[in-house]
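Below sits a lone chain in structure tokens, taken as the form predicted on its own.
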Amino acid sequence: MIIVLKRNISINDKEKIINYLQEKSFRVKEIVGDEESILGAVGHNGIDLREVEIMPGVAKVIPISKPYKLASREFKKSDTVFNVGPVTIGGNRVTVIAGPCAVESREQIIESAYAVKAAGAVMLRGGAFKPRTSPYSFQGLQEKGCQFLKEASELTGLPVVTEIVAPNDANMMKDYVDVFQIGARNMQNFELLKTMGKLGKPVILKRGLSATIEEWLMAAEYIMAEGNDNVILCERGIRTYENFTRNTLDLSAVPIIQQLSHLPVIVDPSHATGLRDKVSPMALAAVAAGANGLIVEVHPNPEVALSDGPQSLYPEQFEKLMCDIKVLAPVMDKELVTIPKTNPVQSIINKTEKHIGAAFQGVRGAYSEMAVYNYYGSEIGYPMPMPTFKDVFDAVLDGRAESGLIPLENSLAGSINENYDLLKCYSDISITGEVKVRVSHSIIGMKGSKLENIKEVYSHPQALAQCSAFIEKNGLKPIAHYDTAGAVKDISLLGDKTKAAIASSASADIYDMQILQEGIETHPGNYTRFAVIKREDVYETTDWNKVSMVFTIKDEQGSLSKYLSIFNKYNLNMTKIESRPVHGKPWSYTFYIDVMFDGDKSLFKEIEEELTNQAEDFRLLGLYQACK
């Protein structure tokens, strides 16, 4: 049941309600709703709802209509998102798990692990125990197989997924395995489901051969009722009259599950089709249907595989599939999950005085590089120039850089929309700080050149616009270039004293050029605000007074006004609001908001839950210290 609490309920009354429900053997979870606080209570005690409704502080009691209580959207409106090591599962992410059907030898599983990681998989699958139709078929290496999986995981950094077939194996397997898989034949093995619930490790629950969606969700409920909320549902095809493919892949289950449940749902195209050439198209169809991930069978030598060789991809086929997913995912407003190529967490622990590289867009001498030094000081170890803003995000995401600095807005030119869009797409990256840079332009030419001899001036279009008065006054021909400092670099290679560039004065020294005049911008109050970005798993939020967030609102009359009223309700000082169109949804908009928060930090979780429940989609971009 859901207990809606009165807005003015006292802490004492709330505790009495929770204690009463717990005494009646209910599992209770507090949820902050749109306008009210809510308690979700699940249990087997058939109490009269009126006994709860008359308690002080209770506004009303609503029974959960679905037989699956904890797994239902009624119980939890927002998507379940959780981490398995460095891998985030759920939300708008596409998590790809890959590896052979069975662990056949140490060499085979290690070779497979390196191959799937190189292609972009973020978790390794492989069966140590193999429940087979025939008792004479290969049954797996059992504990030895688990040991090989663990070694492959340690060598590659990939978390491990493997199937468990018997409750008695749980204690032996738990130290080897990161995610347990419950196969289709065991979907209604209730003792196994209960054991997995008590063990607490994430579980992939495959749909049974002939199970309805409700039966599937009820099986998930068994796991969750024992206290384990980290359940991943896996559609792997169901048995029908069609026998051309191994099973019939029910892709309609993906959007149905996402409507009925908050749990992430992935698809297994290998078992669904049983045919190697059908795996990739059905994997892409699953991503297009909205799946949160894929689990794909890949074998270094499928023709000699001891299990399911005909449906296993060759490594090069899997690599091609991953390339196709990278293209498709952004179209579906999703992000393909990656893991660092190195271990940034360990690198940060091991560093001494200097920071690891901070990535920035542009070349040496760019204002973005100036932002790196302004934020970190002269002790920054290695500023890393990148060709594009997306490259900065990728460098942070895969661990080549500890952090990145990206411009978000200029005091004269406004917002850099590309970076706002990237912040929304890269859900494993957060804003951890900010810095402002004074933009002071100089005209820079070859050594020995004179301003009166300059005919053409090169720079980024924004810089040219900011210096338009100077350009017009001196009769110069403006020529657009991709980058301010990059223009200085390219002019230095031409050796033409009639050409100059507009950039920061620092770039003149870097490229051995001459400053012809400083401070040529039309308006002196020219500042750019940069955000410092890091992976969510390599930093800890400490002292903060500023919050950045992104959300889309429901298509209802007055929805934006209602949403903004939440900020007024908690006396939050909103310092910026930016809207961006939602790709693929004409006339729908995503909103970016910055607020200052100097209040009780313990209240923020409640505020965040209220914002999440009111929005169609909500994500916290970062908690950080505002620059002065």
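The structure displayed is predicted, hence computed values, not measured ones. Numbering starts at 1 and follows the sequence shown.
If you look for the form predicted together with a small molecule, you will not find it shown, but the lines that follow are about it.
Interface residue remark: E163 is counted as part of the site for the small molecule in the model of the complex, having a heavy atom within 4.5 Å. Under a 4.5 angstroms non-hydrogen atom cutoff, the small molecule in the model of the complex lacks K77 among its neighbouring residues. Not displayed here, the small molecule is kept clear of H460 by more than 4.5 Å at the level of heavy atoms in the model of the complex. Contact annotation: G183 falls within 4.5 Å of the small molecule in the model of the complex, judged by heavy atom distances.
Though the small molecule is absent from this view, in the model of the complex it lies within 4.5 Å of a heavy atom of just one residue from C101, V87, M386, M224, which is C101. Scanning K489, H271, K499, K424 against the small molecule in the model of the complex with a 4.5 Å heavy atom cut-off leaves one residue, H271. Only one of 214-222, 124-132, 469-477, 424-432 places residue heavy atoms within 4.5 angstroms of the small molecule in the model of the complex, namely 124-132.
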